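One chain comes next, on its own, written as structure tokens: the form predicted on its own.
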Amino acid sequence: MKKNYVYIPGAFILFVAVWELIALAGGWNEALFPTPYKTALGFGELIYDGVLLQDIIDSLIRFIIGYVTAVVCGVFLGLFLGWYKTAGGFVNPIVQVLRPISPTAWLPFIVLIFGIGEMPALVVIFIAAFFPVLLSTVSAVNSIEPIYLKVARNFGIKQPALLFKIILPAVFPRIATGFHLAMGTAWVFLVVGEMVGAQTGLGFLVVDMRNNLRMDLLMVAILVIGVMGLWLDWTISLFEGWIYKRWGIKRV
């Protein structure tokens, strides 16, 4: 995982070069398709005004609340449904029906129930992150190696210690994959959720700059969303590493 981040500077330089070439070849007005230089000036403008930093902070707060809540609920419910297969069999058809539905499809009902403001964005983030974590946890528990259960029985370990001290550490590497998938979808839908009713955040910044025809600042918002997504993925990787070290799990 660490090796992948070594290529970031080179990839960034290549991206900017291609961007500049497209802008030059297209011959568009900079007001419609900003160049990297024009976008850099817009970035400085948003930093100077304090708007960008505040929007990043607001988006991160919403994301952390929605994502962490979804991860906790998804892991606990996934452990329960994966271990108690009868309950999982009843719930699975419902999950499989709800899982493919885009969180944005629920927005009219979310706004009806929670109103306009912070809650729609939080609920959208929760829905986007919940199902990847839930399904990866259930799948991991269902495929656990029998040797772990035999060792637990030999030592007389019973519930709930069996579930949280034996099974959870054993299946965590597979659950962690769900964390990354959930992060990606939740961050994407955070922006969508903030476009509905929120008055701050990166999603609101995208809508505001688009409506004001400030394409340079719109490009800044888009790039910041991408960079923040990369940073969040890296942060989750650090959390994984801490868990692996704490539980003595060998990282692949």
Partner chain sequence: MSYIEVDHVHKEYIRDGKAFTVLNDVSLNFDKGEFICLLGPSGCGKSTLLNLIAGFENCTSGQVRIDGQVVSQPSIKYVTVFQQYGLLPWRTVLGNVELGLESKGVPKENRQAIAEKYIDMVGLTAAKNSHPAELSGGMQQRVSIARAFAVEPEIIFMDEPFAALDALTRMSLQDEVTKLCREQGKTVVFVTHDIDESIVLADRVVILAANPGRLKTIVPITIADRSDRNSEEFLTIRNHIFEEFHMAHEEKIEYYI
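Because the structure is predicted, anything quoted here is derived from the model rather than measured. Positions refer to the first chain, counted from 1.
The discussion below concerns the form predicted together with the partner chain, not included here.
Trainee: Which one of Leu181, Val95, Val151, Ala105 is close to the partner chain in the predicted complex, taking close to mean a heavy atom within 4.5 Å?
Mentor: When the partner chain is considered in the predicted complex, the option within 4.5 Å is Val151.
Trainee: In the predicted complex, which of the listed residues (Pro160, Gly89, Pro100, Gly156) lies with a heavy atom within 4.5 Å of the partner chain?
Mentor: By the 4.5 Å criterion, the partner-contacting residue is Gly156.
Trainee: For the three residues Ile22, Gly26 and Lys38, verify that every one has a non-hydrogen atom within 4.5 Å of the partner chain in the predicted complex; reply yes or no.
Mentor: None of them does, since no heavy atom lies within 4.5 Å of the partner.
Trainee: Of the listed stretches (116 to 124, 132 to 140, 68 to 76, 169 to 177), which one has a non-hydrogen atom within 4.5 Å of the partner chain in the predicted complex?
Mentor: Stretch with heavy atoms near the partner: 169 to 177.
Trainee: So, Leu112 and the partner chain: in the predicted complex, are they within 4.5 Å at any heavy atom pair?
Mentor: No, Leu112 sits far enough from the partner chain in the predicted complex that none of its heavy atoms falls within 4.5 Å.
Trainee: Mark Lys165 yes when one of its heavy atoms lies within 4.5 Å of a heavy atom of the partner chain in the predicted complex, and no otherwise.
Mentor: Yes.
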